[in-house]
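One protein chain, two forms: both are listed below as structure tokens, the first as structure 1 and the second as structure 2.
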Structure 1
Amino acid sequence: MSAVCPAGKALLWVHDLSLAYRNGGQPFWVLQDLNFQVPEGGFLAVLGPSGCGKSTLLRVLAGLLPPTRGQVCYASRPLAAPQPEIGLVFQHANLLPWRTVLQNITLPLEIRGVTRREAEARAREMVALVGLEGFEHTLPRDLSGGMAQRVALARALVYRPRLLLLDEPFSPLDTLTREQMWEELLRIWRHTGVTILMVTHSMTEALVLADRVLVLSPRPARLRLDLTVPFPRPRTEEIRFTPLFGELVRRIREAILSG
């Protein structure tokens, strides 16, 4: 029997979540007995070894995959299907090459029947928010990797989502561009108040950006560590060189590598 969604406790509530695929008639467990909550306006990072099921977890939280057992609640309601208030950004921008920056951002609104005038107005707001003014009519082939990811963020944010799911959005970028995108993401988070859950392979990225860090075990993914990040905001670059930062990196690494 499904658990009752708690009222007002968290924007996202995950209870005993398990997911299995069928492999020759036998269940192949990917996620097992996950429990966590994400408060409204929070920023949660999820780490774990490659192939442990992090991206699968995001698809469940986006309403794209139903859990085999357990329950996901969004805004105190069972999550049974994709919601317009939940945005999802993948590792690669996946822009339509024949559409300009502005047209890529308006696409989700067009699909939902929003008028062209309103869609373009909202898309221009997002262009300003992600710092792409002057590139509205540029095609994806003429964008850098960082700019393409800004377009992908704008496309997800044009819905005005309450929850934004990010699947390693900065991993294809070089180090300096990635760090610039950290600052941009934090600025957008502060400006919009959106709740963020981000999958990442970078322990530094998780500690610089997130309020909490979850570490998953090898498949089937179980929750191995739930770490509250103690650094106040706004965070400066210097925290990365403190003993406490090094200690937290050690704890996360141990959780990832432990058998």
Structure 2
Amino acid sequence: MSAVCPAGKALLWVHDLSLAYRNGGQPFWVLQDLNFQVPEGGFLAVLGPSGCGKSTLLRVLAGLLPPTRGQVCYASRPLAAPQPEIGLVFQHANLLPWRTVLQNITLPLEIRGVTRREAEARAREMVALVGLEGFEHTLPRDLSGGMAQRVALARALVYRPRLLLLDEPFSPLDTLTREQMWEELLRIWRHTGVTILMVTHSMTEALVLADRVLVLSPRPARLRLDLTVPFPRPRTEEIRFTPLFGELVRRIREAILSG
């Protein structure tokens, strides 16, 4: 792998990225020649049909999987391993069942050597942020899917990552909670300047939240569409009922459906 990363403003720079899983014999291609960049402070949404390789892409960007071909640069350096500045919220909450809600959220801080007292204080802030007060000492098995997912989000936010990778974080939530979480996420994004890359199945979610929407083809995933979302911020409820919104939805749908 050549190790040239352009010095530039892109926090994440993905160049000709291809990835194959290799289970014994034939390589199983999942990502094919992906090219895109994410500027520092950007908010990107990734859409694509189920099984196309979105979670795989996030695993590559988290440094968990090395690219089979091509290159991924993070902060102008080749990304070869997980970085302490990168947070990942897994598609399935992935909580540790022997730890309570609070203990799951303090885990990243404990690993970082933050004192117990400070870790708890920060974790409690996160609990409040995701609206789970009163559940601090609940074990994961007693949480609903949506609650577990919010704990997972809190666990990723608690150590204030510079890049946040989200894998369908709001899928198990009801519409109302989901829209509240949108507000919270946007607030955090605005205040911290964190760069967000979020996989989602919802076109509305993508258009309401993101600066840019990437649409991937069925597996092996290629880039079908790289769409800049023109709505100014702060965005209001009303944008969803504008003709432009409808037009953007139509374009995304076309990109997903085009053979």
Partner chain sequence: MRWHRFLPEILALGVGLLLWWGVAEWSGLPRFILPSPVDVYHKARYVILSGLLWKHAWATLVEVVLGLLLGLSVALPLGYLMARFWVLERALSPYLVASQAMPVVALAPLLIIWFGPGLFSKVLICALIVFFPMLINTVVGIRNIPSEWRDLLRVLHASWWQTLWYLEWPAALPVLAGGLRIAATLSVIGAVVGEFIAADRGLGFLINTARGRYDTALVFVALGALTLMALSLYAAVRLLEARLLAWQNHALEGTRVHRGG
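Think of the rigid core as the biggest set of C-alphas that the two forms share within 1.5 Å after superposition. All residue numbers here follow the sequence of structure 1, with the first residue given the number 1. Treat the numbers as computed from the prediction; the structure is a model and nothing was measured.
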Structure corresponding to the form predicted together with the partner chain: 2
Swing of the smaller rigid portion against the larger one between structure 1 and structure 2, to the nearest whole degree: 20
Rigid-core-superposed Cα shift at Ala119 between structure 1 and structure 2, Å: 2.9
Core-aligned Cα shift of Arg150 between structure 1 and structure 2, given in Å: 4.0
